[in-house]
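Take a look at this one chain, the form predicted alone, written out in structure tokens.
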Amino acid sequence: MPDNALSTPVYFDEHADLGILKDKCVAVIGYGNQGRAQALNLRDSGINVIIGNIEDEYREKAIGDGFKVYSISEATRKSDIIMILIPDEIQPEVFNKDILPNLSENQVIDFATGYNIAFKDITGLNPPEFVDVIMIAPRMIGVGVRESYLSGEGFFSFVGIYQDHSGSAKEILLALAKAIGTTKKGAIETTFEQEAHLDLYTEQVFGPAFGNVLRNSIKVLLDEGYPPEAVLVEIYMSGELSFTLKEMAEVGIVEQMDFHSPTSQYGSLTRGANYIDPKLPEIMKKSLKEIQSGKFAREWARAQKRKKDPLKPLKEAAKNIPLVQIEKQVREKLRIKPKDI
């Protein structure tokens, strides 16, 4: 391991003072999954919160939850801290149109991802020098952010400071982190670039690599004549895999093996070497370089300009994969009802 492997600061509740936010007004921009969760957590922590949102169903939900809701422009003007919790792809346009013209000196802008700052030369989102720019990036989906707060467990986040104009950015950052519940678990300091690179790496390298192993594992068994219902349940539909990953996170990669039978442990430990591929790290490094260089960000920006919905044809193609069709039939047979998304 590198010498600096454990040098990154990690912040907990004792490092933060909610009193810093006592007289502050926090505007949560966007009331989707993360926006709603963080706004509710902030309010429950005693923070004065308003919502900035366009006229849509999310605005109505915020009003129903008892928040004062304004246009994004007005919410920006009324607040001391602006938490931008709208999707990456629309942030630059909204920021430049509704937020930037309404900023005042020493306001604080918080991002939930480092993407648009890390690739600002591509995305065109460039905050002025007279504001603080910070980041609280939960490593948890919105519903998990809320549930973890209510349970008292907390959740991990990456936190960072891009610009400290006021000299108080760190104190405000940690106070906000505590107010949404992440210092209960641990707020890990990173740069905006590191957060963006890690996030994209997980999505573009680990996720697809894992997915390919999953698909090939199923294909081998199906080709050998094993029943699709049994194969899909055995590989992932039972939920055992997600439980195992959860135990890895809680007790450790090796330690979680004790939850499995001796036969399982022996098989895993003795056969694991069969799947070591010396080419895999090089393929992964190539993908990481594309992320670091901005190649992916430029490609994604071009794709959005070419098509109104660049994801639609990709998703349609994915639905035609034979495994997806088999999975659909198995779900129907096993009476697994689709979940609302």
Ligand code: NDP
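The structure presented is a predicted model; accordingly, all values stated were derived computationally and were not measured. Numbering starts at 1 and follows the sequence shown.
Only in words, not in the display: the form predicted together with this ligand, which the text now covers.
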Site test, 31, 35 and 56 vs this ligand in the model of the complex, non-hydrogen atom cutoff 4.5 Å: yes
Contact flag, residue 220 vs this ligand in the model of the complex, heavy atom cut 4.5 Å: no
Non-hydrogen atom contact residue 235 with this ligand in the model of the complex at 4.5 angstroms: no
Residue 176: touches this ligand in the model of the complex, heavy atom cutoff 4.5 angstroms: no
Residue 91, heavy atom within 4.5 angstroms of this ligand in the model of the complex: yes
Residue among 72, 231, 205, 122 with a heavy atom within 4.5 Å of this ligand in the model of the complex: 72
Single option in 86, 172, 200, 257 placed near this ligand in the model of the complex, where near means a heavy atom within 4.5 Å: 86
Among 263-271, 110-118, 236-244, 158-166, the region lying within 4.5 Å of this ligand in the model of the complex by heavy atom distance: 110-118
Residues of stretch 134-172 in contact with this ligand in the model of the complex (4.5 Å, non-hydrogen atom): 138, 140, 141, 142
